[in-house]
Ligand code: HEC
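Next comes just one chain, in structure tokens: the form predicted alone.
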Amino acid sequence: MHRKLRLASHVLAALIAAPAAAQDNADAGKRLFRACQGCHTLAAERHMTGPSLAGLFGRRAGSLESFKRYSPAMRQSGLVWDAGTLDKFLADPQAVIGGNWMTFPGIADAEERAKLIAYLRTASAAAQPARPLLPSLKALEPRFVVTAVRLCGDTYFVTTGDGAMKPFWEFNLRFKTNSTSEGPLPDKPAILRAGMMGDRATIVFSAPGEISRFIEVKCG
């Protein structure tokens, strides 16, 4: 009788511990995924540097038509994502698909890979809200809207909607584009501070063609 009671108590303890262990693994996997969030989202069709991981399991590598930045090696790999292929790839991406453009070096710890894969299996299958990746650049205060850019020698002179003009050394001013729904309106590029001292900035245009149209090469 005592032996049966001890066995029953062990079984009960195991049943109680199992959900807690599963939750711990899920929490650990979610924490590990934070390292991936700089390049990937779990929202369908919401891409960053890397493709969305929504619906990852069972998908052929390099097959999302809406993502244009796959390497030829990834597109031609023929790999289908499941727990096994993900484990090998996350351990050493270049060893599995040589020449792919992913800069991630891999996760050496097998237990950490297992926890991350377990989290991805659940999270990638669930519908995630497609939250904006960046603050909207469409409704900005005039001081953040560029009205003119003039280049003289090695200096850009940037005029904004509030009438202010500021010079930037050419190496300290970056030009970018954002064609998404969060990007600026056509012909209303946004200027964003990019340095602690205010001597560096980024001008974001809605399309590449605007860049050359906006820059006037003129001194005086």
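This is a predicted model, so every value here is computed, not measured. All residue numbers refer to positions in the sequence shown, first residue = 1.
Omitted here: the form predicted together with the ligand. The next part is about that form.
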Thinking of 190, 207 and 214 as one candidate spot, does the ligand come within 4.5 Å of a heavy atom in every one of them in the predicted bound form? no
Does the ligand get within 4.5 angstroms of any non-hydrogen atom of residue 53 in the predicted bound form? yes
Is residue 61 close enough to the ligand in the predicted bound form to count, meaning some heavy atom within 4.5 Å? yes
Might residue 100 be said to contact the ligand in the predicted bound form, defining contact as any heavy atom within 4.5 Å? yes
Residue-level contact is defined here as any heavy atom of the residue lying within 4.5 Å of the ligand in the predicted bound form; does residue 35 satisfy this criterion? yes
Partner-contacting position among 39, 28, 151, 44 - heavy atom within 4.5 Å of the ligand in the predicted bound form: 39
Restricting to 63-85, the residues within 4.5 Å of the ligand in the predicted bound form through any heavy atom are 67, 69, 70, 71, 74, 81
